[in-house]
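Let's start with one chain on its own, the form predicted alone, as structure tokens.
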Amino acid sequence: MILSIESSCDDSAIAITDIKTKKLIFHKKISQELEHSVYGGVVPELASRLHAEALPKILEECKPYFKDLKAIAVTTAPGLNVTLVEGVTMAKALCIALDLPLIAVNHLKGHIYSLFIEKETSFPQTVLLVSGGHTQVIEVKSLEEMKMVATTMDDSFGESFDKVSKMMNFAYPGGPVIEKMAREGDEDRYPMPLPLSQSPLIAFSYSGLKNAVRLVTLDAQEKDFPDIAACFQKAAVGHLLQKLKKYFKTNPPKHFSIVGGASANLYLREKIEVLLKPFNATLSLAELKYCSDNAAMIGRVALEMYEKDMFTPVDEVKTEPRTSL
């Protein structure tokens, strides 16, 4: 089995995956949402302290499996440096204590492999990764052959939802709050700009849209918030759809996937399904419970890396706040 650790942001998680069957033997996650909600977003130093408390508690439950472990996997990039260090420190200690090799996993690859938890991989895939930190389109042919073809120029899709929620004085994380509120709103009441609509670039930008929402909320009352949420969500998703449609003109998809924490947005899923129909493309989605950060997806990547002997010496493991695939 492989024990995997995830601590890239505000979720402390550990999983144990069977190498031969790919079955998830153990998975537990402790969220920090309640602690960070009072600040309207993640406070890195607080997150680090909470990881230091939560990870050992979860690890205690894993001790019965120690004798069957063949490797330790851990997220090393990208993420918050002070939180990545907590997971990496634990991984190093386990590798030394149990005399096991270490597998350093890229968090973004983890999200892509969330599609294949307890399943065989299916490539190639055109992947839309949307989360609190990333908005990317990635052409994936294999574990080692991934090409990013579009990314955000500023804010991410998920981050913009969090910021809009904060503007309305609602809780963090804002994605579920805005999505739920938008269901009760009129998505055509307020005109919102479609970012980069006149630009030929295949890229994303949410800073301008976020500012447009801010200006509307200045004169709004609470009864107007569902309409603002609906109009924002329509524009935020519409921006993705417009750029994907432009990309599809020269790169028609056959197999398309949405991954990342914001892929749990059902409005986005519905609109993507409609966009893909003319192309007869298949749509793959991770189970909702595996959309947000988790250790099961890190373990799934680690299975592939284990088979290819992709290990990292313990004394060479480094955390990287920002990194490419």
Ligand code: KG4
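Predicted, not measured: the structure shown is a model, and the values here were computed from it. Quick note: we count residues from 1 along the sequence shown, nothing fancier.
Absent from the display: the form predicted together with this ligand. The rest refers to it.
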(request) Using heavy atoms only and a 4.5 Å cut-off, determine which of 124, 252, 193, 176 is in contact with this ligand in the predicted complex. (result) 176
(message) Quick check for you: of 44-52, 259-267, 274-282, 60-68, which stretch puts a non-hydrogen atom within 4.5 Å of this ligand in the predicted complex?
(response) 259-267
(message) Can you confirm whether 208, 210 and 239, the three residues that make up this candidate site, all sit within 4.5 Å of this ligand in the predicted complex, judged by heavy atoms?
(response) no
(message) Taking this ligand as it sits in the predicted complex, is residue 86 near enough to touch it, meaning that at least one heavy atom pair lies within 4.5 angstroms?
(response) no
(message) Is residue 131 part of the interface with this ligand in the predicted complex - any heavy atom within 4.5 Å?
(response) yes
(request) Report yes if any heavy atom of residue 158 sits within 4.5 Å of a heavy atom of this ligand in the predicted complex; otherwise report no. (result) yes
(message) Even though the partner isn't displayed, in the predicted complex is residue 243 close enough to this ligand, meaning a heavy atom within 4.5 Å?
(response) no
(request) Check each residue of 104-126 against this ligand in the predicted complex and list those with a heavy atom within 4.5 Å, in sequence order. (result) 107, 111
